[in-house]
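The chain below stands alone, shown as structure tokens; this is the form predicted on its own.
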Amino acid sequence: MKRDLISLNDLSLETIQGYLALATQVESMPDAERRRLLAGKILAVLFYEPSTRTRLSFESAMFRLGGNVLGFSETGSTSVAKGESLADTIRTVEQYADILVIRHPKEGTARLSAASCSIPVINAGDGTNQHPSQTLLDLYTIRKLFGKISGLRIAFAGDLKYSRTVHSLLQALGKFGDVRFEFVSPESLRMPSYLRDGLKGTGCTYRETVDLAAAVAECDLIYMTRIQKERFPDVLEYEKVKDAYCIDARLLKGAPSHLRILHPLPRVNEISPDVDSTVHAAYFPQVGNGVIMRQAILLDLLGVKP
């Protein structure tokens, strides 16, 4: 029976821990040994929405495992532009590949694709809903930085309403328990109530605030997010909040030395470039961990043991 990666809600804590262990194993393997694992396999990448890190890291992961890649990063040169349905595109592409990764602006598209497809499907982001491979690489990064996940104090800052990255990660962290959250956002971009309610009974606690400076002074980890113009139904509402938060070197002067800052990228103006050279910046190593975790995901879903 084929397996897919569509939502963190589908994964048990044991399964998530298994991914973290597999990524650790993959990272420690010699390159020559790793490149034999998926020789002859083909990954299809179907990106209906712009991407740099997610698409390229999946391609890099497949190449580093010895496989090959086909697909598209925009639909203008495909039959989608002629009106082809999603289901027909999926049924066509599965004839060419062994595994498929899809990004789409509409929520639920990845699950619909998996139902239409006989090969494993990976959700690379569906609207404001889920981004499970990003979540797994974030968890891997957090554990590498701190040696643990439970017991940390973590702030999510910026766009907590529309960020699928934040939504996925919060739900995953809730499975570990004993995490104290600071939700830092403008009133109009607060964490959705269903996600806050989902923390009940997990052993996690949260506080909502607009004070980023206090979070910097008190937390172990700040997870910054971009204010996503493309998600706003009203551009005027975006203009009101687009510059709500910015971390710069001056703000970090009083921060504890162990504080680390993550960001799914791309950034716009929410993290100043002068942060990049500080000990707190961990977002580019976070990008590198994406290749490692996505290798683990490809191996797992294709049933290949390293």
Ligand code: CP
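The numbering used is simple: start at 1 and walk along the sequence shown. All of these numbers come straight from a predicted model, not from anything done at the bench.
Missing here is the form predicted together with the named molecule; even so, the following discussion is about that form.
In plain terms, the part of the chain that comes close to the named molecule in the predicted bound form, with a heavy atom within 4.5 Å, is 261-269 out of 261-269, 245-253, 30-38, 62-70. The named molecule is not drawn, but in the predicted bound form it has no heavy atom within 4.5 Å of Gln171. Put simply, Thr52 is close to the named molecule in the predicted bound form: some heavy atom of it is within 4.5 Å. Proximity of Lys175 to the named molecule in the predicted bound form falls outside the 4.5 Å heavy atom cutoff.
Although the partner is absent here, Gln134 sits close enough that one of its heavy atoms falls within 4.5 Å of the named molecule in the predicted bound form. Looking at 94-127, the one residue that comes within 4.5 Å of the named molecule in the predicted bound form, counting any heavy atom, is Arg103.
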